[in-house]
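Given next, in structure tokens, is a single chain: the form predicted alone.
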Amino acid sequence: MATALAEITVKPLSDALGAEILGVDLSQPVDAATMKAIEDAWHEHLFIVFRGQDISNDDQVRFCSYFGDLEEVRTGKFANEDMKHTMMITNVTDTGLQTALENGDMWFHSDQCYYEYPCKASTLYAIEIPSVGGNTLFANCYTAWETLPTELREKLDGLKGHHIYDYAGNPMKRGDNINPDSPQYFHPVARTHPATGRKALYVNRLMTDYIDGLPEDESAEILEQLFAHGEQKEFVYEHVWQVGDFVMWDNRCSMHARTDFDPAERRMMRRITVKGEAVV
């Protein structure tokens, strides 16, 4: 039976984006009205966190399934056929699950923007964290688009960016020799959110390599301007992890990056994503 909660408490985390949701135990089923309130807070704040959670993989699956069908892990073979939606974001190699190895900092990006249907929601549950670093930065792409000069918005509106991700060769920072067979796709430079109707800047430093329809030099110059603009500190919330944090961000109107940490220390996050719709 769902746990009935009269109301939730939403605590904003920064002027840029982000909110903490209080009063919810995600180890238990949550009623539909409360889930709708959580979804509304997510749409408003782009990033939400539930602190101090003690949840299983099944609990995470249950919560994510409210928002849509779950995305299967697309890289490598499944280490566990019963957990095809679960990836461990970790530098630990003995998890028994599909993993993405990580050390160091990672440039800003939007998950799966190199596919036709990028995921709409990404979630992480913090199991182990380093003593310092390994923080995640989240940028508000609504604000990034809306604060661009009018002339530039008018120039870019309707154009598409080419996204490509060489996971094997350059997983953390863009390299000079990207495998041309890497997954890639064109999406609007400004995408419209299906729930809010707002436009968000949809290019990122790690995965967007050119704007279709512009000369190469002009494309490179404008992209660098857009990257620098979207990554400004006033648009960014930096999440300092605690064990037991469960977070979800809206991949359609935000981008994220990760700070460096000591590779000798363990960092382990459980990741499940929700399938998205066509980008418009």
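Predicted, not measured: the structure shown is a model, and the values here were computed from it. All residue numbers are counted from 1 along the displayed sequence.
Keep in mind that the form predicted together with N-oxalylglycine is not shown, yet the notes after this line are about it.
S.K.: Would 109, 267 and 271 all count as contacting N-oxalylglycine in the predicted complex, using a 4.5 Å heavy atom cut-off?
M.R.: Yes, all three are in contact.
S.K.: For the interface check, one of 44 to 52, 29 to 37, 248 to 256, 66 to 74 should have non-hydrogen atoms within 4.5 Å of N-oxalylglycine in the predicted complex; which one?
M.R.: After filtering at 4.5 Å, what remains is 248 to 256.
S.K.: Test of understanding: in the predicted complex, would residue 136 fall inside 4.5 Å of N-oxalylglycine by heavy atoms?
M.R.: Residue 136: contacts N-oxalylglycine in the predicted complex.
S.K.: Is residue 89 a contact residue for N-oxalylglycine in the predicted complex, using a 4.5 Å heavy atom cut-off?
M.R.: Contact with N-oxalylglycine, yes.
S.K.: I'd like to know whether residue 124 contacts N-oxalylglycine in the predicted complex, with contact meaning heavy atoms within 4.5 angstroms.
M.R.: Although N-oxalylglycine is absent here, residue 124 would touch it in the predicted complex, with heavy atoms inside 4.5 Å.
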